[in-house]
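Here we start with a single chain on its own, the form predicted alone, put down as structure tokens.
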């Protein structure tokens, strides 16, 4: 059976970002920047590198800045061009999206990740699709979604990105119940949402990258609201696992949880130190700061 290419991606960005108030009172969390690029740009660049051609954003009220960010800015482009700032102009062009490549849908009620993905069902149609959560920023030599698509071309079905976590942290994730461990790829027989350390079936936790079949949308259509009134994407994927059609992929790279303040700060430091134009000056500052703290102790 020929495996269909993945060319569509869903970006659930309807959340209020309350953990980052008051900043998110006026700007979407996805526009907050790591160094000089917003979180959403990292996700878009990762999707582009993986061959994604159609970008579907599931938004909510107050997210118009996202739409503006990906639109052309003729006045700014003209100003940069007249000033001869070609390098900045090229950087700006990377943020533009072609007409027809991007679509925006409203999730009018906060009913969970599963519901957000379900909202995009008509644009997805009968095709496999990716889901990227911009809160999860992954630093890697080869983009995470590209790694997954290369693996998916061998397995088909559904695939989730997975990383090893300490048992004490299992309750913050969906955790894989493994049927067969094949190395980088594991065949999954079930998924448990936020288990206790004692209940966790493995130490492999799901993070915000998915490749899903249209059957997951059918499963979402059947699901009723669970705890907190939310429809869980994990439940719809777990239904597919019953037929051996779900795989976990141990990606190569470092994941940063930019949905938390600590994770966002960690990512900011890591990405700044990875930049040749910032590494020396910023690294020297951090060294001096640590020396001052040690001296104060």
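Because the structure is a prediction, the values reported are computed rather than measured. Numbering follows the first chain given and starts at 1.
Here the subject shifts to the form predicted in complex with ligand G1P, a form of this protein not shown in this document.
The closest heavy atom approach of residue 136 to ligand G1P in the predicted bound form falls within 4.5 Å. When contacts are judged by a 4.5 Å heavy atom cut-off, residue 217 does not count as touching ligand G1P in the predicted bound form. Contact between residue 208 and ligand G1P in the predicted bound form is found at the 4.5 Å heavy atom cutoff. With a 4.5 Å cutoff on heavy atoms, residue 48 does not count as touching ligand G1P in the predicted bound form; it lies far away. Contact here is defined as any heavy atom lying within 4.5 Å of ligand G1P in the predicted bound form, and by that definition not a single one of 5, 126 and 241 is a contact residue. 174 is the sole member of 190, 143, 157, 174 with a non-hydrogen atom within 4.5 Å of ligand G1P in the predicted bound form.
Checking 245, 60, 234, 41 against ligand G1P in the predicted bound form, a heavy atom within 4.5 Å turns up for just one residue: 234. Exactly one of the stretches 67-75, 191-199, 87-95, 117-125 approaches ligand G1P in the predicted bound form with heavy atoms within 4.5 Å, and it is 191-199. In the predicted bound form, ligand G1P lies beyond 4.5 angstroms of every heavy atom of every residue of 3-22.
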